[in-house]
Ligand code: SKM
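Just one chain follows, in the form predicted alone, and it is written as structure tokens.
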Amino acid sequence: MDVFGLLGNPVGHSLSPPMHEAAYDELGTDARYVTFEPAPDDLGAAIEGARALGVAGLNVTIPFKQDALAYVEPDDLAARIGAVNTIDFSDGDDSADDLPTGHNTDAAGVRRSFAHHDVTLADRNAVVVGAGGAARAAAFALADAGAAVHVANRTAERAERLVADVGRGTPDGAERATAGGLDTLETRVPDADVLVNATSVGMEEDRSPVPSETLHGDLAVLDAVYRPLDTRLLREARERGATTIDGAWMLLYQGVEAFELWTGRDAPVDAMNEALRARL
């Protein structure tokens, strides 16, 4: 039996176990998905212990995505984003100095969510709201796909640092990435083709981070918030005729990407999606 797992603290709320278990059941795979909740100071020991126990792969979630970089050999995308959410032990030789590979499938979650809804990203104008971990994955995903990216954040300086990283890590990124405060949404969103809310606004309160009057029918809107699924931003975007994509799609496709990386098989997306949405 293969064992995969999730590393985070806390992990009791996670929807990854039922999503991955549904994939194993659908494909008749002899595998299980378990959770680990180490103390923050024990992250390295937890990763090494998982490998010693024969765990085949780990997802990594809050608060460990950045710190996990110290214990893996990150691929190019994870290194550029500065965060790891998937660890693969299959390429190592189990020696103490041989690190597992680290990956970031959150970016693929963004890219594949838009592709699922037939939204193209190349040569489009994209706006990302926020500058935290999810925003970093979104900004790199959009820039790598060929979009011109504007990052708007409550603290403009943090948005500028993210854009500088995108500029250094993406061809033509320096010319195609811009940053500003949330006040720039009023001028940027009306001309945008793609919008990603990568903040938690809308999760605890019925609020939107984007002025409703800026939304329009030529826009595709992805809200990373998945509780609730139908956020105020998505409702207001839909009323304006925009294409709307709820946060469960991003959560689904980051898991799909991890499954395919670990197993080398096409993921049963419908089964994983059904299991995920049954718990939302």
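When you see a residue number, it is the position in the sequence shown, counting from 1. Predicted model only: the values in this text are computed from it and were never measured.
This protein has a second form, the form predicted in complex with the ligand, left out of what is shown; the following refers to that one.
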Subject >> Selected contact from Q66, T214, T29, T61, since only one has a non-hydrogen atom within 4.5 angstroms of the ligand in the model of the complex >> reply: T61
Original post:
Tell me, which of L233, A50, L251, V225 has a heavy atom within 4.5 angstroms of the ligand in the model of the complex?
Top reply: L251
**OP:** Using heavy atoms only and a 4.5 Å cut-off, decide whether all three of S113, T120 and V194 touch the ligand in the model of the complex.
**Re:** no
**OP:** Using the partner position in the model of the complex, report whether L6 sits within 4.5 Å of the ligand, counting heavy atoms only.
**Re:** yes
**OP:** Would you check, heavy atoms only and a 4.5 Å threshold, whether S14 touches the ligand in the model of the complex?
**Re:** yes
Original post:
Where, among 36-44, 241-249, 66-74, 53-61, do residues come within 4.5 Å of the ligand in the model of the complex by heavy atom distance?
Top reply: 53-61
Original post:
Going through 146-161 from first to last, which residues have a non-hydrogen atom within 4.5 Å of the ligand in the model of the complex?
Top reply: none
